[in-house]
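In the structure tokens that follow, the same protein chain appears in two forms, which are kept apart as structure 1 and structure 2.
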Structure 1
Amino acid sequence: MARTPFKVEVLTPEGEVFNDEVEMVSTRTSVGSIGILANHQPLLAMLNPTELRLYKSESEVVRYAQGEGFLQMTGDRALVLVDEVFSVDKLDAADLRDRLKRAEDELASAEEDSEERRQAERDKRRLEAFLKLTESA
């Protein structure tokens, strides 16, 4: 069954990654998974690292690995602002494992309650989410 399309923009600090109409957005917020359809109530949500799925139709899904960020839904438009986003097809599992090991080492050596520790925790959480996507692809 076709759904009503709506405009979605995905932006990173480097610029626009996606700008097109979709039937549904699926992602994970700080309180759980969410699916957004056209005419959704206004929403502002914090996003956790996960897979961002943009359903252009039931059979055409654009998949990204998204970092932390925000989702804003207003009227007939969704805006996804994330610190980084990668096509799931372009993720390199070996590189992600190496980066995850470095993040774990940084976390182990960081002082308690330091900014370095918080950054290492965020990096570890993001890299674990991205690595999980390579294993399910």
Structure 2
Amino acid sequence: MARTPFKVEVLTPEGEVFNDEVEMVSTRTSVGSIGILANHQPLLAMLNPTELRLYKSESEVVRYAQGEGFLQMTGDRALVLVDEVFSVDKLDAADLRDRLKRAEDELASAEEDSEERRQAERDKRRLEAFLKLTESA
């Protein structure tokens, strides 16, 4: 069954990466996975690193690896704001593992309850999410 299309814009600090009509947006908020259809209730959500899927139709899906971000649903359009996106096949598993190792080292040396520790945790979460994407691809 065809769903009602709605406008989605994906914005990063480096510019717009996607601006088109889709049937569904699938991503992950800090609470859990979420799928957005047309006419969704107004929403402001915080996004965690994951795979961002834009369903142009049942069969045509645009996929990105997304960093942290926000999703704003207003009226008939959605705005996805993320700090970075990559196409999934451009992710380099070996490089990610290296960086993950470094983030873990930093985490181990950071003091309990310090901001440094929170930043390292944030890095680790991002890298783990990306790494998982390379494994499933």
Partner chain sequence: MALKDVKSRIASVKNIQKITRAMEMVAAARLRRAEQRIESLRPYAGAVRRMTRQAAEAAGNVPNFPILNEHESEDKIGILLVTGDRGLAGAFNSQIVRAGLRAGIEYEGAGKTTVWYASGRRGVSSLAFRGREAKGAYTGFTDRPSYANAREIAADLVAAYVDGEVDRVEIVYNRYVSALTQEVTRETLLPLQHATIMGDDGADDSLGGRAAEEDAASDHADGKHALVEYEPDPEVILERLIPAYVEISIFRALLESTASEHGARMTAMRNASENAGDIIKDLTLEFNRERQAAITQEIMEVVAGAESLV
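Predicted model only: the values in this text are computed from it and were never measured. Along the sequence of structure 1, residues get numbers from 1 upward. Note that the rigid core is defined as the largest set of C-alphas that superpose within 1.5 Å between two forms.
Next on the checklist: If I had to pick the form predicted in complex with its partner chain out of these two, would it be 1 or 2?
Outcome noted: Answer 2, the form predicted in complex with its partner chain.
Item to check | Large Cα move at residue 58 between structure 1 and structure 2, threshold 2 Å, rigid core | outcome: No, the C-alpha moves less than 2 Å.
Checklist entry - To one decimal place, what C-alpha displacement in Å is found for residue 111 between structure 1 and structure 2 with the rigid core superposed? => result Its C-alpha moves by 2.5 Å once the cores are overlaid.
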